[in-house]
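Let's start with one chain on its own, the form predicted on its own, as structure tokens.
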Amino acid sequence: MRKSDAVLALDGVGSAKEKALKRLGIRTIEELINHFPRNYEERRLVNSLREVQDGESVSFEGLVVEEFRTAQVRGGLKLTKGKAASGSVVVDITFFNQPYIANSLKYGESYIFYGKIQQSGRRFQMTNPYFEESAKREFVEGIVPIYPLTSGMTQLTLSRLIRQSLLKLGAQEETLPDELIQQCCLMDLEKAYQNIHSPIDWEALGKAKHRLVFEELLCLSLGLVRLRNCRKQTGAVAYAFNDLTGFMSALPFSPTKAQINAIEDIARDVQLEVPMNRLLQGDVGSGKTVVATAGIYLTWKQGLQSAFMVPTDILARQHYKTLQELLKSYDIRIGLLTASLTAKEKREVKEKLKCGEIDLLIGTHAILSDAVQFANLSFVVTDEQHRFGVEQRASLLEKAGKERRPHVLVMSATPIPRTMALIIYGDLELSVLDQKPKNRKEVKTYLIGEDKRKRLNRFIDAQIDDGHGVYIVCPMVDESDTMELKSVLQYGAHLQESVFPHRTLAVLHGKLKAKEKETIMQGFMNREIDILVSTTVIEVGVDVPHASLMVIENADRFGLSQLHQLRGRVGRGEQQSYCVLLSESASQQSRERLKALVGSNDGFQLAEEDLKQRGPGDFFGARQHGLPSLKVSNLVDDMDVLAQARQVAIQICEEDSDLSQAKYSGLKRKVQVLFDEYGDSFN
């Protein structure tokens, strides 16, 4: 059997099981053996149940001494009950809504049962235990893997299929060179797969996991190192001018030390013939736009064009006004291109851009249209980098022409721990804005329950009386039958009719057309709207200096980083601003998470906490952040392995940048497989 074979080649896999496996993302034998356990249970077989503590999970061998029968009780619930004897102890065993069990457990036969024992006096009970015939004992003793499942697939079936696959594959070809295995004290690949799925003991499991984690992170690191090297081989325009003295002195404020450092990074990068590829990471309100403007200024002085791409129409128009103000001292011709422009307006912008009559184009995804052609694009800025897919970013870069690449600055207001940033944007250099302008007051944050609702409403009224705007954020657009969450539509109507009939209120959500969103947002910015009830569509970038209060309903339903982003919509002016988190959650974890937000305005600190609590999958969200999906590694727990893997990857690429040597052929294939989803090729 080969790893590329379809799962249908396995004994016991028909169309139903094939569909179930496909729902787990498993189509081939290779994908099956790379479906790793999410957890493990140590199932201890006890000789005497009298030695077991109440509530302890154990395995015991029992003889069925009372037939299992099914009875229907109130509410349509079906109970299947019987008894099994283990020595002098008789255990009452109950299954809920599993009537077929009555035919599986036969009177007078011996089985191994695994589950949680409950004791009440001399009575022993077990509910919904896992069981096997005593003669088989496949899944009831030792360290048992627990896999992610889907409907139509059980733990036992999946485990058997994986074991069958490993048996039929036989000896597996190594992907790492022998000297690397010895140098890093790694378990060989075949043993690693055996022990990740069927560990002989905890030590062997640890070594197996370390081997597979190392290999996966090595492949990730190799891909990113090679990606960076490949991009450096493409030429870029080296700017002859990088004097920013005039630009800095013309700014209407004194930049922070962090901004100055980032601007110097850019000025140094654009002097090289290697394309700049830099991530500018800064907390909300840290002044990323000013840093980007410095690069645009240098590009204009060189007689070249810049592009500034943002995810939304509102944000594009905001940047258009901001950059006009920042660059008003210079004869820089700025164009705006969004989907909401008329056909005539779009045509005029495209013609001027192609003829070189526009120096800076600000726009949304509309910039990516094939009809958009630059005369000499040399500097590209993308704001909220993670909102754009890999292919979208690549198509923008290609507009500089095939002969050269533009210098690229990607900006993100989503604080990501530095170690994570090196992975998610592993092919970029990193500049961090970890300071805020001096005139910014910290937003005061409070966590309250429904019992403080009337007091909150009075506070909202007081803020509006003082001339300030108020955001109220809800997690849903429509009412839900399954979750009691504040719905933006129904809740907005309730607030207008029953709570704030004397105020001007508007509702903003993602299902509105771009023109409608723009009109509402403009009304809020012009103080024509007092209260904006919104979904998280206002999360990114929109600047309303007079907004002083952010109220977040059902705050426990949001991640820490997202809450911090929402909080960043206020505190943009000189007045004191506030963020009020409303939650009735009884979950201790949710309360601790919200208290962390109350106690800190440091987005990077909160990002670390969010990453620990929710893990990298939820933290980074969709794959188009650019991070290839990992099967066995955890970027929180495995940072030490990652550091080792990165160092080894650099050494390998210094020795063999193309991985063309025979000893690296297996590694090269795995790097390619890992990065197929990423959108880059390493062949």
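Residue numbers here begin at 1 and follow the sequence given. Basically, rigid core = biggest C-alpha set you can superpose within 1.5 Å across the two forms. Source: prediction; values computed, not measured.
Absent from the display: the form predicted together with adenosine-5'-diphosphate (ADP). The rest refers to it.
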Worksheet item: Which single stretch, out of 121-129, 246-254, 173-181, 95-103, brings residue heavy atoms within 4.5 Å of adenosine-5'-diphosphate (ADP) in the model of the complex?
Response: 246-254
Worksheet entry | Contact residue in the model of the complex, chosen from 543, 138, 133, 434 - any heavy atom within 4.5 Å of adenosine-5'-diphosphate (ADP) | 543
Response to the item:
Only hit among 287, 82, 223, 363 for heavy atom within 4.5 Å of adenosine-5'-diphosphate (ADP) in the model of the complex is 287
Practice prompt. Tell me, yes or no, whether residue 553 is in contact with adenosine-5'-diphosphate (ADP) in the model of the complex, where a contact means a heavy atom of each within 4.5 Å.
Written response: no
Discussion item. In the model of the complex, is there a heavy atom of adenosine-5'-diphosphate (ADP) that lies within 4.5 Å of any heavy atom of residue 583, even though the partner is absent here?
Written reply: no
Worksheet entry | Heavy atom of residue 530 within 4.5 Å of adenosine-5'-diphosphate (ADP) in the model of the complex | no
Worksheet item: So in the model of the complex, does any heavy atom of residue 440 sit within 4.5 Å of adenosine-5'-diphosphate (ADP)?
Response: yes
Item to complete: Note that adenosine-5'-diphosphate (ADP) is not shown here; using its position in the model of the complex, name the residues of 567-584 with a heavy atom within 4.5 Å of it, in sequence order.
Response: 572
Worksheet item: Is it true that residue 93 shifts between the shown form and the other one by 2 Å or more at the Cα, once the core is aligned?
Response: no
Practice prompt. Would you say whether residue 186 is displaced between the shown form and the other one, judging by a C-alpha shift of 2 Å or more on the superposed rigid core?
Written response: no
Fill in: Rigid core superposition, residue 567 Cα moves 2 angstroms or more between the shown form and the other one
yes
